[in-house]
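As a starting point, one isolated chain is supplied in structure tokens, in the form predicted alone.
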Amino acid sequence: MTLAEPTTSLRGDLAVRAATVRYGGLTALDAFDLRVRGGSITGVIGPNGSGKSTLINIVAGITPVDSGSVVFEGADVTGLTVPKRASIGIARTFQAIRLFDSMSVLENVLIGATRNYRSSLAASVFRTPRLKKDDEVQRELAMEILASFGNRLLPRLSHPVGTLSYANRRRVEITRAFMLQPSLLLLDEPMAGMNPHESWELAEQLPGLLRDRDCSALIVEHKMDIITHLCSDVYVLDHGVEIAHGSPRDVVKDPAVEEAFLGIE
């Protein structure tokens, strides 16, 4: 008997095809192609203003493309709204943390689980057994993800987020994104504002978090040592155009990358 070749799972697979975005006379992305294979961590680097955040925004659905397409898990999602993309498994964090400072850590995290509830509006009003079961399931998931950060957040579940350190606020935001149970996580400079120790602690934890939840990631980051540690595949953007693509080792040696980052010709 001949064994069939294993099929390639599309879970978490992303393809950006010839994406162009213009703001008036400025071209933020120019016919840009990118691939994130399911289960992988792909990095994007580039100088300020190179188009990195625009890339994240077109994948999340915040910014429309003028031409080109975004394909997620084999389906063209170019015309889908942000909520619809979130509902099919695309989650993101922001360069500037967006949390509700007066709410507790656990309350902020559970906001990310809103789409996971199966209960009706009436059930939420009357607090039915079905709703209580939903609450229990989502709280268990929240505690599981929070535990991935050791004791950074678990002892602070009832603390208002506004009283936390910057690094812990970032951890809360990432936990909230995982509560959506995504298959693709978009991380827009997740280590921004962190000191080297905090950055490396998060870099050590992220691969396990992603692997345990069968989730791929697209990460935009300025810290090249973090990108080298996390990513198997790296794209380099400059003025909306790809100037290099490959493994981290190959990319850092590319003369075009040296010129863009260091001014070396």
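Since we're looking at a predicted model, the values are computed, not measured. We number the residues from 1 along the sequence you see.
What comes next is about the form predicted in complex with adenosine-5'-diphosphate (ADP), which is not displayed.
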Contact between Gly49 and adenosine-5'-diphosphate (ADP) in the predicted bound form at 4.5 Å, heavy atoms?
-> yes
Using a 4.5 Å heavy atom cut-off, state whether Leu26 contacts adenosine-5'-diphosphate (ADP) in the predicted bound form.
-> yes
Gln205: heavy atom within 4.5 Å of adenosine-5'-diphosphate (ADP) in the predicted bound form?
-> no
Wondering, does Thr228 line up within 4.5 Å of adenosine-5'-diphosphate (ADP) in the predicted bound form on heavy atoms?
-> no
Counting only non-hydrogen atoms, which stretch in 41 to 49, 209 to 217, 228 to 236, 194 to 202 is within 4.5 Å of adenosine-5'-diphosphate (ADP) in the predicted bound form?
-> 41 to 49
